[in-house]
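One chain comes next, on its own, written out as structure tokens in the form predicted on its own.
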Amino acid sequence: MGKVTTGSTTMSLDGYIAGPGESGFDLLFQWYGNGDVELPSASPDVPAFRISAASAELVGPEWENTGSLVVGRYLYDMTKAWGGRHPMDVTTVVLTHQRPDDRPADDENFVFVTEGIEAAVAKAKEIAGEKDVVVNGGQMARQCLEAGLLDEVGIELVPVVLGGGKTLFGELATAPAELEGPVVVVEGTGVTHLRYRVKKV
């Protein structure tokens, strides 16, 4: 059985995954285009990534071992469903209050769950099989941590200070939460990759 992880969540030095008013993404994600190793994208709207060799040695196998994703409806709408397929080329489970009108049925690209985070993660695990489930940062990561569903936190720390915005776990109801590690530290170009294991209570 794979693990449930936040995957590679890019974060500023002052702890934000998005700046004020959903800004700062161009600064946060510079490391996705500053290298020589290509990571292909399955999305027609997102070009292939080009990252450093050190980053690719870690992130490449992590992507290959990802069997499904869990995201919220906000991100799904904001990205316009990534043009129909997530860049990581896996089935994406969308937690939502109501299924989109233009998606009457689930398919290999998107599955919609309305019963809460536990049901969304359970469905993602079913889809992923022996591979990992990656939970998007923000509300989904917070809900997973609060529900005791998260096994690992992945941070891509970049040398940017945003001064405000959205944090990875938001207003965590179960704080404090202890992590073990880091179990992985990798220095890429313009990014430091950190992986922590969630300490189970």
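No experiment lies behind these values; they were computed from the predicted model shown. The first residue of the shown sequence is 1; numbering continues from there.
Although not depicted, the form predicted in complex with a further copy of the same chain is the subject of the following passage.
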**Request:** Decide whether E178 counts as a contact residue for a further copy of the same chain in the predicted complex under a heavy atom distance cut-off of 4.5 Å.
**Result:** yes
**Message:** Can you tell me if L162 lies within 4.5 angstroms of a further copy of the same chain in the predicted complex, counting non-hydrogen atoms only?
**Reply:** yes
**Message:** Test of understanding: in the predicted complex, would E64 fall inside 4.5 Å of a further copy of the same chain by heavy atoms?
**Reply:** no
**Prompt:** Do Y32 and a further copy of the same chain share at least one heavy atom pair within 4.5 Å in the predicted complex?
**Reply:** no
**Request:** Counting only non-hydrogen atoms, choose the one of 33-41, 47-55, 165-173, 64-72 that falls within 4.5 Å of a further copy of the same chain in the predicted complex.
**Result:** 165-173
**Request:** Go through 12-43 residue by residue and record those having a heavy atom within 4.5 Å of a further copy of the same chain in the predicted complex; state none if no residue qualifies.
**Result:** L13, D14, G15, Y16, L27, Q30
